[in-house]
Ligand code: AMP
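Listed next as structure tokens is one chain, alone, in the form predicted alone.
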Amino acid sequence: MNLEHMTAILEKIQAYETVILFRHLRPDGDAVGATKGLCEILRLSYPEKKIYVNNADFSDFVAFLGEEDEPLSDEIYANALGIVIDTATTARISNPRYALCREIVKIDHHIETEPYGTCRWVEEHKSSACEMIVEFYYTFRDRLKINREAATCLYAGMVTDSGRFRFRSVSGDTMRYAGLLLDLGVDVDRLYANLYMKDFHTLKFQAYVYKKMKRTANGVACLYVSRAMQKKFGLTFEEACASVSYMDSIKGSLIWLAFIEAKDGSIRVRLRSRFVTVNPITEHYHGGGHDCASGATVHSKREMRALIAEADERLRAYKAEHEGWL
């Protein structure tokens, strides 16, 4: 079945002179790596075609992977194939002008809640969208070309979305595809330095987080990052959202949540877990995602407390029914 989907997508790409790649809002390493990686593969493989990555926002976190293309005219969209990667719903597509494209292809690894596009290739068990792009390249390696630049983008996305290959979605194929990219000369020293070195103010904020985080009766770890806190430590919104990772190693806390106050007054939620499936919780709060990594949005402290209570009850039930967790 995967081959059928991939073949249909390749045929669409071959049929168009112009291809525009899109990703989700507030992009992470996977969304940026997958779009830029596929863009480079297609530019190498089809030098006669016009291939663009066009979105309405960007990410400081993976800015080292390079810039995206300048805005395009409506006429270019009208005659183009749009490929949307790593984006479960149309509401989360970064560039709303994707809808101007003649046809849309969807490539994604999230649980499918909104089927869209002429062609869809969705595999929710994959560790990353970047892994899917590497599989796409490898399947048609007799027709497609790749270089170190594309490999670096794709490897960055695989590393970040798999938690450095620690999450349950990592398979033998994940590691084999990662090895393929490393064989192309990815500079892992530079890559990991760009991804994981921290500014001094970030470390000061991290120390502050450990003083402020709380735990519920059943062990859910929580943190609220206000706009005032973000200003105090000179944080970007991305850096504030990354605080969820500071709570990932607390024994007994199988669920951890970070609530980040946004400029518009809403509160963005980052939910993470070990063993426990948490994405059903986010469906009640304008969100979704993976089993153990999801996002949501709440609009009041009351909603925030309600979400924490749901997470606490889910963790209580899990601990009562399972053994062997840490």
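All values derive from a computational prediction rather than experimental measurement. The first residue of the sequence shown is number 1, and the count goes up from there.
From this point on, the text means the form predicted together with the ligand, which you will not see here.
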Checked 278, 41, 296, 31 for heavy atoms within 4.5 Å of the ligand in the predicted bound form; positive is 296
I'd like to know if residue 36 sits close to the ligand in the predicted bound form, meaning any non-hydrogen atom pair within 4.5 angstroms. no
Would you please decide whether residue 274 lies within 4.5 angstroms of the ligand in the predicted bound form, comparing each non-hydrogen atom pair? no
Wondering, does residue 126 line up within 4.5 Å of the ligand in the predicted bound form on heavy atoms? no
Please determine whether residue 110 contacts the ligand in the predicted bound form, using a 4.5 Å cut-off between heavy atoms. yes
Joint contact, 92, 270 and 287 to the ligand in the predicted bound form, by non-hydrogen atom at 4.5 Å: yes
